[in-house]
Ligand code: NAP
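This document opens with one chain alone, in structure tokens, the form predicted on its own.
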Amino acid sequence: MLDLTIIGAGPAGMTAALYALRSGLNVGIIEQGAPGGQLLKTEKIDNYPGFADGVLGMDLATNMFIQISAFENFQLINDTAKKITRTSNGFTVDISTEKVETKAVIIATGGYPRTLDIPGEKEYSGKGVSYCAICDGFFFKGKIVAVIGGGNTALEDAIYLSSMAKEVYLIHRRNTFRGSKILVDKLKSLSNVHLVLEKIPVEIKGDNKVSEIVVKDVKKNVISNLYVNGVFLAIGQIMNSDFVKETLATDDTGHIVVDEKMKSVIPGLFACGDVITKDLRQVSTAVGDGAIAGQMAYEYLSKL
């Protein structure tokens, strides 16, 4: 039986493992893909402390995994977690071929951005198409950008980008916003933010980088072009939490509800990183969550 099983090997999961391993726990990480999570899809990170010139997402992920792999009390289980069950001795985690027995569990499965699935989106990801304004907004200082969405995240992204971009187009399929009124009022007061309402994006174009976005009027079916240097998608995330929705409380967007110590309502079951309900989702916050979860798991187990 493992002391601790961590589901997910992104920055939160690997940081949790590091803290637990250093405390002497026998730790296993269940990861269905390569360790690194969203880091593997991030070309360069420029807002992670300690790297003045930025760091490649692949390099950061690799270094994190090398660090935890050096511990003899660590094992990687390449599989998919399907179910968590409470037992008299702790938990069992169902994977494809067996059950992993463990005394405690940390869920760090994260999520992934919703996509538009339109021509050009995938081709220009990292070349003008971004899913994180806080991560990439700095690269568009003095340039023209578009934000897609109508919720609070889209409104906040447009406001944030307006402080550095020359012009910001906010594209939304309706003529009203789902976001809060205070954000809408703030947005309308900004002279360099332009509302493009009742329009949907249908294609992203460019050469080596994004140069324009094609939009369609939802009522008139008329096509028009906006010349932009960047496109920020803020249409939500899909959480990897379906396998625990019958066990744990989740909010209306699928995020797991935990307290400030990363504890769920079930003793010994923790969650951290992007999969939990919180305001800011960055590599640095995932690492902070993971450190807390790993330490809290150790303290929980030390009292058994």
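By rigid core we mean the largest C-alpha set that fits within 1.5 Å across both forms. Nothing here was measured: the structure is a model prediction, and the numbers come from that model. All residue numbers refer to positions in the sequence shown, first residue = 1.
What follows is about the form predicted together with this ligand, which we do not show.
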Inset, instruction - Work out which of T62, T277, N47, S69 lies within 4.5 Å of this ligand in the predicted bound form, going by heavy atoms. - result: N47
Inset, instruction - Would you mind picking the one in K143, R173, K209, K186 that has a heavy atom within 4.5 Å of this ligand in the predicted bound form? - result: R173
Inset, instruction - Mark E167 yes when one of its heavy atoms lies within 4.5 Å of a heavy atom of this ligand in the predicted bound form, and no otherwise. - result: no
Inset, instruction - Tell me, yes or no, whether R178 is in contact with this ligand in the predicted bound form, where a contact means a heavy atom of each within 4.5 Å. - result: yes
Legend entry - 4.5 Å heavy atom contact, N152 and this ligand in the predicted bound form: yes
Legend entry - Heavy atom of A234 within 4.5 Å of this ligand in the predicted bound form: yes
Inset, instruction - Considering this ligand in the predicted bound form, find the one stretch among 189-197, 221-229, 78-86, 152-160 with heavy atoms no farther than 4.5 Å from it. - result: 152-160
Inset, instruction - Can you tell me which bits of 106-139 touch this ligand in the predicted bound form, meaning any heavy atom within 4.5 Å? - result: R114, L116
Legend entry - V147 C-alpha shift between the shown form and the other one of 2 Å or more, rigid core reference: yes
Inset, instruction - State yes or no: after fitting on the rigid core, is the Cα displacement of E72 between the shown form and the other one at least 2 Å? - result: no
Legend entry - in the predicted bound form, whether the C-alpha atoms of V257 and L155 sit closer or farther than here (change of 3 Å or more): farther
Legend entry - Cα distance between T285 and G151, which in the predicted bound form differs by 3 Å or more from this form, closer or farther: closer
